[in-house]
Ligand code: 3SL
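Okay, here we've got a single chain as structure tokens, the form predicted on its own, with questions on binding and movement later.
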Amino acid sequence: MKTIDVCLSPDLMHLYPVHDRVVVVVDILRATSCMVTALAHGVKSIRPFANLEECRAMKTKGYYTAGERNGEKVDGFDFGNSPFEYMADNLKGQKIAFTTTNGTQAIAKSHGAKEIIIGSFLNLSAVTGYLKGGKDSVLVVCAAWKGKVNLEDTLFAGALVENLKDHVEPDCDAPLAAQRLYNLAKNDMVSFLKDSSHVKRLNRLNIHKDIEFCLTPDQYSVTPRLIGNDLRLL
């Protein structure tokens, strides 16, 4: 039977072999939510970068640049890290180079996986369906916050474990813990997360509507996949 595991922080990736697994990278607040939103609204591709300056350089190659550090837009970049920035009609068919504090770092640390897809609550059912139809075991990689575990990514991992419980077996206790947290939180995730570190961080930046939006399941029926260096829709 297929199995599922959860890496609660990219700093723990050395513990997880990925060559034979589908990796689902998740950064709920807000990188992977932005990526899903952008591609669902017609962006052609997203190239993720761990390095800020490498991302900045893509502007000379016809890319829009999107950059976030510590929750705030990077000076000189076209976009920051709010999903609402990626709904504009003028972005349809365009290419975006994207770098964030945590999400794009998690993608970089997942290289070598059999497949990398992008998860968020916004496309939870689409990701669930894709994984149900596949033959490979799954590793959910939570972007966390600068190596420290965060609650919102863990809840998404738990939602995926819950949705797949009849199709996969948990590898260890991390998926079980995430699943049980999600079942406690699922009826009101906004309230459940109100005291979490990153929600507090974003609230200090007056980013309230992003939080509620990013915690709203199934806004889009898309599953972004890393193909070569770019994220595209399957």
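These numbers come from a predicted model, not from an experiment. Quick note: we count residues from 1 along the sequence shown, nothing fancier.
FYI, the form predicted in complex with (2R)-3-sulfolactic acid (3SL) isn't displayed, but the following is about it.
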Handout entry: (2R)-3-sulfolactic acid (3SL): the contacting residue among 177, 202, 193, 168 in the predicted bound form [heavy atom, 4.5 Å]
Key = 202
Exercise for the section: Report the stretch among 109-117, 86-94, 67-75, 128-136 that approaches (2R)-3-sulfolactic acid (3SL) in the predicted bound form to within 4.5 Å, counting heavy atoms only. Expected result: 67-75
Problem - Distance check, residue 102 to (2R)-3-sulfolactic acid (3SL) in the predicted bound form, heavy atom within 4.5 Å - result: yes
Practice task
Determine whether any heavy atom of residue 198 comes within 4.5 Å of a heavy atom of (2R)-3-sulfolactic acid (3SL) in the predicted bound form, and answer yes or no.
Solution key: yes
Handout entry: Partner proximity in the predicted bound form: residue 31 to (2R)-3-sulfolactic acid (3SL), non-hydrogen atom cutoff 4.5 Å
Key = yes
Exercise for the section: May I ask you to check whether residue 79 falls inside a 4.5 Å heavy atom distance of (2R)-3-sulfolactic acid (3SL) in the predicted bound form? Expected result: no
Problem - Residues of stretch 137-153 in contact with (2R)-3-sulfolactic acid (3SL) in the predicted bound form (4.5 Å, non-hydrogen atom) - result: 145
